[in-house]
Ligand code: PLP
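One chain is shown next in structure tokens, namely the form predicted alone.
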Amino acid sequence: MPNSKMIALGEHRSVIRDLFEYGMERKKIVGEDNVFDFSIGNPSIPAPEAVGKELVRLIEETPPTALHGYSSAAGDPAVRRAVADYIRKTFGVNETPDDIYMTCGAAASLTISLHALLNEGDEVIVFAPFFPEYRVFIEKAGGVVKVVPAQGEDFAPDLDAFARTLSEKTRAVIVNSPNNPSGAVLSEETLNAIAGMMKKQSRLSGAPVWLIADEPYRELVYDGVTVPYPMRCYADTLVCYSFSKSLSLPGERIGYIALCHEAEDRDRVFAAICGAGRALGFVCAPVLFQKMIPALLGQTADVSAYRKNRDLLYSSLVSYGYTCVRPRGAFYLFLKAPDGDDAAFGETCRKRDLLIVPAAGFGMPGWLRVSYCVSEKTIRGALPVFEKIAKEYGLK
């Protein structure tokens, strides 16, 4: 008999994936131009030109055995050195190659980190709104999810609620900034406040409470916004990074875990990361794209194109009468369901082949996520549908 929990996960996809799969089937029936799919964070902006050039260079100049053979389990030493050097120079922290573990993207980074840190029954705090798969990853690692609500129009964490949620059972706290699904960015003041409370709880518990920073959207910010680097605020930190969004390479599944060099019991924690990678089968991340990374560190796809999409979508939806939050980063816009029922409003949109994601699973019932990493053509095609629905709901 197969594992019942795995059957349940396999039979019931995430709402994001379910909409994405539905959209692909609908496009076969009514045509691609008639389905407005804002469901998944799949970048439509091309990768930087340097990606193609480096790929060609590696293929032409590197022996196949070096390009397609195994690397060390934790990653190619030269790549880990390049990543550590970049982090040290960019953020001013003391990172070394022995603090870096190359992974198959952010999902692998998070899964490895949680399995490395958690014992059965340990609690992990997440801040609403949060990526729904956090719950899957945490529970698979034996942890218990504790949700801290957001407050205010900028979806800042409720710090009083966070203080009440921290306990001697708390093993880790996940922060995601810029945020999926809201586009909110944690200020340095807020991150320092979170770190201060975690330090206090660590002293009370006699063991560190770990900060896991999920950072695939770090470079995707607008209007001069800066994203504070978590290791500068808190030593017991793991940064889970992916190049999927910054370089528009989601299908290549390449990223890393960076363990703060100043973390308590650093050597044993890194050993646990290596052990978790081994147990989960996440060793030797894709070597071709590992070797791509040193030449691409610090580069991004065209962020100005996302900003243009954001401005077009946000200004249009607000003019139709919707309540939206202006994103400061990432490529998601949060829209409030006109009648407060995100599932019902999402279904109303789906019937018109407008695919947006109800946010109850993100810990924010009554809201929906609109992923605007699509073509401008898709946005412009969808706007009349958004406007028609707004009129049906009496918003305009």
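Model, not experiment: these values are computed from the prediction. Numbers follow the displayed sequence, beginning with 1.
Not on display, but discussed next: the form predicted together with this ligand.
Taking the partner from elsewhere, every residue among A106, L110 and S244 has a non-hydrogen atom within 4.5 angstroms of this ligand in the predicted bound form. The stretch among 244 to 252, 301 to 309, 288 to 296, 88 to 96 whose residues place heavy atoms within 4.5 Å of this ligand in the predicted bound form is 244 to 252.
Though the partner is left out of this view, Y332 does reach within 4.5 Å of this ligand in the predicted bound form, counting heavy atoms only. Although the partner is absent here, P216 sits close enough that one of its heavy atoms falls within 4.5 Å of this ligand in the predicted bound form.
Heavy atoms of F131 reach within 4.5 Å of this ligand in the predicted bound form, making it an interface residue. With a 4.5 Å cutoff on heavy atoms, S202 does not count as touching this ligand in the predicted bound form; it lies far away.
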